[in-house]
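Here's a solo chain for you in structure tokens, the form predicted alone.
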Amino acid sequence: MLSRLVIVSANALKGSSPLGAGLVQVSRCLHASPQSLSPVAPLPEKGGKVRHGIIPEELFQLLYPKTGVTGPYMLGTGLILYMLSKEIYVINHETFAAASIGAVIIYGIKKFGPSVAAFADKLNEDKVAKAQEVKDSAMTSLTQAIEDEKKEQWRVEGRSMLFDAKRNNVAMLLETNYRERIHMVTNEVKKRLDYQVALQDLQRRMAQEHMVNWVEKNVVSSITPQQEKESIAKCITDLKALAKTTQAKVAV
């Protein structure tokens, strides 16, 4: 019976404010059907309006078109009188105790409710701020990780160009080494050829000197003392004639 009452109330208040949404959610929870897993609208953070602390405003709005403004009050008064007249509920000492406790509770709620609510709201705001801070930190770290990943992908894309440059550098080094070795071989061959040329020049010069010395020795040995005296006298005569010619040129 209670579940049927909830279902009827939920269907009646389905198009109303947050209370209707709450009753619909309760009715869905009472029935284990596949619809219980369907997405529902999020519940509001604050409850709807109430009258006298506990009576929802939707109830007055529901009865207003049929009963007028005093309808809900007459309905509540009639139900109380009916329960008392039929002795469904009997007034005893527990009733006065419950009324006293209820009055104390209402007074405490009216007196300390706003400060407690503000304190609870402050705690909730602190928790939300901490959660937001953690979220922002996580978002920042994830954003940085994404940027780093994009940078690494960009580096990977440029890896082929880097490898090409390294291949070119290696090829240039090999070519340089090859040319250096060719130059070294050329220098070594040139040195050996220069050595052979110098050796041949030395042999030729030594042969010439030996020939000159041999010819000079033979010539000197073939000259007699008389020929030597005549050669010396002729040289002296030639020198004197040359001196006279030089003096004549100077005098002119």
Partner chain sequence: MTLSFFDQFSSPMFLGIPLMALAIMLPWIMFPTPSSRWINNRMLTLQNWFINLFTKQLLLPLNTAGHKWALIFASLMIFLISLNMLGLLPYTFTPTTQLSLNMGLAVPLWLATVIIGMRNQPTHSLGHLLPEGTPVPLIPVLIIIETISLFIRPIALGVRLTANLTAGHLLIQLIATAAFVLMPLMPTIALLTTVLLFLLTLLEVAVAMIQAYVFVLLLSLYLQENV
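Just so we're clear, the structure is a prediction, and the values are computed from it rather than from any experiment. Residue numbers count along the first chain shown, from 1.
Note that the form predicted in complex with its partner chain isn't included here; everything after this is about it.
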query: Residue 136 within 4.5 Å of its partner chain in the model of the complex, heavy atoms; finding: no
query: Proximity of residue 66 to its partner chain in the model of the complex, heavy atoms at 4.5 Å; finding: no
query: 4.5 Å heavy atom contact, residue 124 to its partner chain in the model of the complex; finding: yes
query: Residue 206 within 4.5 Å of its partner chain in the model of the complex, heavy atoms; finding: no
query: Segment that reaches its partner chain in the model of the complex - one of 104 to 112, 162 to 170, 145 to 153, 71 to 79, heavy atoms within 4.5 Å; finding: 104 to 112
query: Position in contact with its partner chain when the complex is considered in the model of the complex, options 184, 40, 197, 223, heavy atoms within 4.5 Å; finding: 40
query: Heavy atom contacts to its partner chain in the model of the complex at 4.5 Å, residues of 94 to 109 in sequence order; finding: 94, 95, 96, 97, 98, 100, 101, 103, 104, 105
